[in-house]
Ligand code: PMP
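What follows is a single chain, given as structure tokens, in the form predicted on its own.
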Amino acid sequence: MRLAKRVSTLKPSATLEINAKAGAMKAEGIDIIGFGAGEPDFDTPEHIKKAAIDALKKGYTKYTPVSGINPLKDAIIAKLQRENRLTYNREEVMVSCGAKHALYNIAQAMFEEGMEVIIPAPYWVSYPELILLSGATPVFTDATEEEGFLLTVEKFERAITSRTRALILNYPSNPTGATYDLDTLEGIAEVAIRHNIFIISDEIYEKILYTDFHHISIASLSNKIKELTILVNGLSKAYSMTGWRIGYVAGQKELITAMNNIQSQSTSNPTSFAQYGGVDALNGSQDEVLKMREEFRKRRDYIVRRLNMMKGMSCFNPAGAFYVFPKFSHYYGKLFKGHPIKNSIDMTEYLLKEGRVAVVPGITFGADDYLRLSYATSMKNIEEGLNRIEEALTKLE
């Protein structure tokens, strides 16, 4: 069958691929510890589930407006005002089937062939693919570990060409957990304003932040940068609502209208009763969010300490999210039973087969020297999984 040109270079999600391999091994009776999951291991808070159940009982099971119900839009608007010092109206806010769907809609509405979109590396695996699907070209610029895995103002400016349309910022970051301070955000905003470049600000991990300072949305710095910012967020990570598929975007009315038209011809509205659960997530108690964050903090502290104790390893201490991105390249070039470990894919395969541990190769995030481990799993699994990794590394010659 002849397929469309746009899908010829499209890659499957590396995370889902690793999870599938690990799942197949588990089905064979092999004990696998998974560090691949990009979702919290906690249940959705009860008050959110109750709100969705109540909506079902009230018969809220029909189509809703494509861009989301007004109570959810109002909850998003109130949240952005309360927590991010940002003011939007209903026509500037849209609800989609998850933050990934929001990002897809943005790319389809904004980008086309001949345009470039700057993506700092390491990056979330779907950013390049979403840009390629739009016909535009992703342009990568390294944000090194020595730079805190953060895009510098100088590198941002050097990456800009006459074709540059936008920059994607993700903070706290998947996969590194790095986040931006006020000074760096102000510098990036100044360059974006001067060159009239849009910023897609993916803030899905904003509530999972362990630093002393609060999350700062770049859109809050000035009216000028707000006009250039498309803010993306959702309920999946902070509220452990990954399966509910509720994401949202805030930006200029013209863009939101275009995205609404795209969504109306593709998925239509997000699930009706899930939206009512989303209202309660944003308006209700945040106690469970804080409890989850504190548990993630304990796991982060343990996993970073253990990895840094392993011979030849270094692990950046993440400011947020629930991933670590340790550097494994010390072991590249070493052998196991005569077979070399050349890169992050080889290391991932080795750890899965020999260590019975599932991780994600760094090359899929644009950083081959590293692997990503999610600590969205129990402390028992983290302890045993790290023991297995350490033992597997000692077998390399």
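Residue numbers here begin at 1 and follow the sequence given. Computed from a prediction, not measured in an experiment: that's the story for all the values here.
One more form of this protein should be noted, the form predicted together with this ligand, which is absent from this view; the next part is about it.
Here the chain stands by itself, but in the predicted bound form one stretch of 270-278, 212-220, 167-175, 190-198, 167-175, has heavy atoms within 4.5 Å of this ligand.
Site annotation in the predicted bound form: the residue of 319, 204, 106, 94 reaching within 4.5 Å of this ligand with a heavy atom is 204.
Proximity to this ligand in the predicted bound form, defined as a heavy atom within 4.5 Å, singles out one entry of 149, 111, 124, 156, which is 124. By the criterion of a heavy atom within 4.5 Å, residue 99 is counted among the residues contacting this ligand in the predicted bound form.
Although the partner is absent here, residue 240 lies well away from this ligand in the predicted bound form, with no heavy atom inside 4.5 Å. This ligand is not shown here, but in the predicted bound form it comes within 4.5 Å of a heavy atom of residue 236. Using a 4.5 Å cutoff between non-hydrogen atoms, residue 88 does not count as a contact of this ligand in the predicted bound form. Residue 323 is the only one in 303-341 with at least one heavy atom within 4.5 Å of this ligand in the predicted bound form.
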